[in-house]
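The chain below stands alone and is given as structure tokens, in the form predicted on its own.
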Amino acid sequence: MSALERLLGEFASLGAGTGAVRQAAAQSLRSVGLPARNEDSWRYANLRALEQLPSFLPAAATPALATAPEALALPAPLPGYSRLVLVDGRVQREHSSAEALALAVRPGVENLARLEAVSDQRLGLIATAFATEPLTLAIDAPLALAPLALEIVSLTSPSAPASYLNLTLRVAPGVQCQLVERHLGGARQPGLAGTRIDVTLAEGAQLQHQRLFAVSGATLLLDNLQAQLHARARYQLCHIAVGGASARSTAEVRLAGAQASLDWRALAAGAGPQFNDLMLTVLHEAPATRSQQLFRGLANERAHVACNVDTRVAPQARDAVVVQSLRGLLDGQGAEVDLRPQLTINTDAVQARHGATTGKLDDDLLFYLLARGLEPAAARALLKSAFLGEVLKSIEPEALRRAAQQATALRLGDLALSEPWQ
């Protein structure tokens, strides 16, 4: 039995009480199917892990955090941030702040047409179909107030066969918002952590969005994000992917309004047999739009890290500015980094530059550090930390940067915790 047949069968076992939106998502999955390795944008993804999942059903009950194992311990709150806590996709009201709970003004609403139209986003339909508590957050505080700061902590319990987060975020015109997502915990046995995020920034809205994926254990992470930016909207998106046995993150950002801008920075680190695959599509659809895409990937031992960035500039997007910088670093036998920058330009009035390089640790720099008395392991760790620093240094607040740095160090096993870029 194929993964799609098992998935649809398990969804059918939930009964008609799942509601119209979730039923529609399952029907869309039946129509579009799951991706295959022969599809161009899925050639580096570990789709075998999807076939090997024992179940797609979310956990039947959520463990109480007060009695949960250490793997579910909540991290310290970020100073100045309201907090929303979920365990296995279910909101934990007693651990969430009143300010964060008040933002969920209405049930989550899925725009299925957008997901169906973009085949790379079809795995988002899994989270839509199985998420037991979809969330819609409306950020409409006036600009005169301080920017809203919100932290979402999504924990996967060790015994959960699957957990899902289905989040719709709407930022009103002129509003500034800071959003932190932290995905932690993880399954002891093969399990699934699925996310589906839909972001809309209205005219002049600003969002600083930081995402840390540090799930542990045998978890398969399937992350899907779509964002639409209207005129003069600004989106800063920092994506740190260091967790799970295998991960695939798919993002599409649509610059739909004039002077909309995207600053995307991503880091993926893998060790051992881990797969970590990122796919970003940026669509310039209006005049004077800007995007910067910066990726740093590091593969230790037998890890496989991949990044595909596809940027398209439409004929009407005159005076667009595009900057792509993709770099990979290899350390160890069997490590692999695959970088694929794509740039399609359909107008003459554009500024664009791109580059992609992959290499090993610099022997000259390594020799220099060894000659200064550093141990070999410490010297290698320092060079890796410097390589990743271009992304890590952009993380705010400092407490989150430290958490991201530590999660990366734990994944790689030898990364220095110093900050050589300072």
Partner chain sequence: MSNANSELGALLARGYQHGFVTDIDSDTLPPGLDESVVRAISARKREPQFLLDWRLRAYRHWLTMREPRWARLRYEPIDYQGISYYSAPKPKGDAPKSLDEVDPKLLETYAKLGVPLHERARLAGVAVDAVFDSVSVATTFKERLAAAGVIFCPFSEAVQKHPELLEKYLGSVVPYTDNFYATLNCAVFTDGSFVYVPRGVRCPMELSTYFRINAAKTGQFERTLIIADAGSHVSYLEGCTAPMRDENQLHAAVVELVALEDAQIKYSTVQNWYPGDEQGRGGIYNFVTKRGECRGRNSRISWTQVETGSAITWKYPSCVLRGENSVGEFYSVATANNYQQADTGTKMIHIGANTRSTIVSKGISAGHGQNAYRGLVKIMPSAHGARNHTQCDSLLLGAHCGAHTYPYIESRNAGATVEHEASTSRISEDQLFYCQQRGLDTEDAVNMIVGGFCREVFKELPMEFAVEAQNLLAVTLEGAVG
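Residue numbers count along the first chain shown, from 1. Just so it is clear, the structure is predicted and the values come from calculations on it, not from any experiment.
Note that the form predicted in complex with its partner chain isn't included here; everything after this is about it.
Going by heavy atom distances of 4.5 angstroms or less, which of 104, 165, 288, 337 would be at the interface with its partner chain in the predicted complex?
When its partner chain is considered in the predicted complex, the option within 4.5 Å is 337.
I need to confirm a contact call. Of 172, 350, 74, 258, which residue comes within 4.5 Å of its partner chain in the predicted complex, counting heavy atoms only?
Flagged contact: 350.
Which one of these stretches, 258-266, 275-283, 323-331, 79-87, sits within 4.5 Å of its partner chain in the predicted complex when only heavy atoms are counted?
Residues of 323-331 come within 4.5 Å of the partner.
Even though the partner isn't displayed, in the predicted complex is residue 54 close enough to its partner chain, meaning a heavy atom within 4.5 Å?
No, residue 54 stays farther than 4.5 Å from its partner chain in the predicted complex.
Does its partner chain get within 4.5 angstroms of any non-hydrogen atom of residue 147 in the predicted complex?
It does not: once its partner chain is placed as it appears in the predicted complex, residue 147 has no heavy atom within 4.5 Å of it.
So, in the predicted complex, is residue 360 in contact with its partner chain at a 4.5 angstroms heavy atom limit?
Yes - in the predicted complex, heavy atoms of residue 360 and its partner chain come within 4.5 Å of each other.
Within 4.5 Å, heavy atoms only: does residue 190 come near its partner chain in the predicted complex?
Result no; residue 190 lies far from its partner chain in the predicted complex.
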